[in-house]
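Below, in structure tokens: the form predicted alone, a single chain.
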């Protein structure tokens, strides 16, 4: 890790620590009721007392988010591949994709629960629907932004459309794809939680819903803390993977 990265991490930790300290002192000073705003110490105590429950719920939600994200990435890559090989498909595919993207999650989630049941499948499908659009748009933008001169060089070597796609367009589009994944990773967690709110036997979304109905804010905030940490971890994983795969941009 470079000195700049170390300084950035230290500054981030300092800001987060100051925020939580201000939160704790503010709750104590104003004597805010626990059902309005619990102190971070109370939230951490709740999390510690129910560690096994939150661990299981986290595994369920994280599993749904990761599987759905992988399916969303796969769907976006397949559609972009088809558009790249047959450009005439672009307008039709984009219209359908925009229609799907424009439909609110709160409208899709109950329908998927009715159609697919209360198991894991509707959550995975919703996450996939939510995350494939950024991958589709960014990867398509990256492929279309490929330098024409570079394409002409490969065409002069009699490269086929498939070879152009694999060896020129895809490497050129990778930074765009990872830009989408940095957004889609944390977004996948949101999709999983929203889907769990419409009906689930487990997961952080279910814990949050039960806490909300019982006005148990420490339990609710504990789930929010875990989701925030999971989102940060997914983002950091995307950044690390990008540096390993798109290494030529980070020299």
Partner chain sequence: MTITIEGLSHTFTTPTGRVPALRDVSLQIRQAEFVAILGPSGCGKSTLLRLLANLLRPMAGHIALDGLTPAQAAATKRIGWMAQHPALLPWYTVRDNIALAQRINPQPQRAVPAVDDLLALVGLSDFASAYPFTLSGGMQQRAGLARTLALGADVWLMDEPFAALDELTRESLTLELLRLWQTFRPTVLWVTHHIQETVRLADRVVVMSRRPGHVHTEKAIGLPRPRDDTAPDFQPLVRELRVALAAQS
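Positions refer to the first chain, counted from 1. The shown structure was predicted, so the numbers you read here are calculated from the model rather than taken from an experiment.
Although not depicted, the form predicted together with the partner chain is the subject of the following passage.
- Heavy atoms within 4.5 Å of the partner chain in the model of the complex map, among the stretches 83 to 91, 130 to 138, 96 to 104, 148 to 156, onto 148 to 156 alone.
- Although the partner is absent here, residue 179 is not a contact residue: none of its heavy atoms lies within 4.5 angstroms of the partner chain in the model of the complex.
- In the model of the complex, residue 73 stays away from the partner chain, with no heavy atom inside 4.5 Å.
- Taking the partner from the other structure, the partner chain in the model of the complex has a heavy atom within 4.5 Å of a heavy atom of residue 168.
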